[in-house]
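Only one chain is given next, in structure tokens, and it is the form predicted alone.
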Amino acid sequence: MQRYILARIIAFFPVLFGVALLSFSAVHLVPGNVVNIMAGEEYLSPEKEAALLKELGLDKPIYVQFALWLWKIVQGDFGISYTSGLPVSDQLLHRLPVNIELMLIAFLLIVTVGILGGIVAAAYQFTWIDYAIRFFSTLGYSIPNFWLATLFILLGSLVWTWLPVLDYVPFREDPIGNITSMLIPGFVLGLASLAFVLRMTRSSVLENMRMDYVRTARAKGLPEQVVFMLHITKNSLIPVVTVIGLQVGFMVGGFVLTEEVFVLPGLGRLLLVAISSRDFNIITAITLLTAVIVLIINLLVDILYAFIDPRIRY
């Protein structure tokens, strides 16, 4: 097991380097000059433009720029925003808690409702409970997120008045108000992943119910509850953990839409502003940060395999 975990940790760093290289290269392939963007409508003489490029280090070869940029990233320095002039790191730290809270709410929803719903649907296969759960799960990943977000804004404004929408409150100012204002956005963010995990859990449980080891456990006289919970459910979670790890990337990609619709001050809205103003330092920083989050969570999922799947331990 130690060898497996060590191999996953070692493989993490080349992938992280590749992500950093792609993030840096993709932004620099975009047509345009950073200095001209910073100047706006102001005219810059060739001499002044060359001086600004030298000051920003953009006159160096692209590989030198990448090495210097990577060294600063390792030190936690993402540079200065070209539009606001503020440190990018400060802006990321200010907005990241919103994304962490969104992710936690969506993740808890997926793990609790998704896995439990899939287990219940499998346990009551071909009953009205199973049909109802499958029906709502199909709706979950069929309805577009932007339409669902608009619907929940109306419901939160007119029906569920105790769940405020479009009224974000920082956690340090009002913890209860913050959590209630984030429940609907978190639900919208995780609904599609919830539906997918639910159906995957149901399929995995039904598959394991037909395995030989289940028949052997029943033949030994073990109670049905013990067989279902300790044998079927535990082994069924192995592919489900894989799916949950993959869905994290899907949820990270949904930050932009969710935050824009619900007017949340997170990284998604900051990314939209940076793209419209071509603020390359913010774009590369957010791209790299979100990629690192996805890679870390998938690394944790790989490590979790060693504790769930006995075949990996030996």
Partner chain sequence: MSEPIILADGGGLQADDAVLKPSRIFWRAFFRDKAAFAGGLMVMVIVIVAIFSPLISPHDPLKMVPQDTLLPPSFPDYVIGTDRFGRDQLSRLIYATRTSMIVSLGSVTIAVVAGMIIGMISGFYGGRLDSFIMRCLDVIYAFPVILLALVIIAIFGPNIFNLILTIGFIYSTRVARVTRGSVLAVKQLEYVEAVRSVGARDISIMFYFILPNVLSPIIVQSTFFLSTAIQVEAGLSFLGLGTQPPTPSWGLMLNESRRFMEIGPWLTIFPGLAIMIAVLAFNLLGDGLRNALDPRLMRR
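If you're wondering where the values come from, they're calculated on a predicted model, not measured in any experiment. Residue numbers count along the first chain shown, from 1.
Separately, the form predicted in complex with the partner chain exists; it is not shown, and the next lines address it.
The chain is drawn here without the partner chain; in the model of the complex, the stretch among 145-153, 80-88, 233-241, 175-183 whose residues come within 4.5 Å of it by any heavy atom is 145-153.
Although the partner is absent here, Thr216 lies well away from the partner chain in the model of the complex, with no heavy atom inside 4.5 Å. Proximity of Val27 to the partner chain in the model of the complex falls within the 4.5 Å heavy atom cutoff. Of the heavy atoms in Asp59, none are within 4.5 Å of the partner chain in the model of the complex. Contact annotation: Pro265 falls outside 4.5 Å of the partner chain in the model of the complex, judged by heavy atom distances. Relative to the partner chain in the model of the complex, residues Val19, Val256 and Leu272 are all within 4.5 Å by at least one heavy atom. Residue in contact with the partner chain in the model of the complex (any heavy atom within 4.5 Å), chosen from Ile100, Val111, Leu139, Met229: Leu139. Along 264-292, these residues reach a heavy atom to within 4.5 Å of the partner chain in the model of the complex: Leu271, Leu272, Ile275, Arg278, Ile283, Thr287, Thr290, Ala291.
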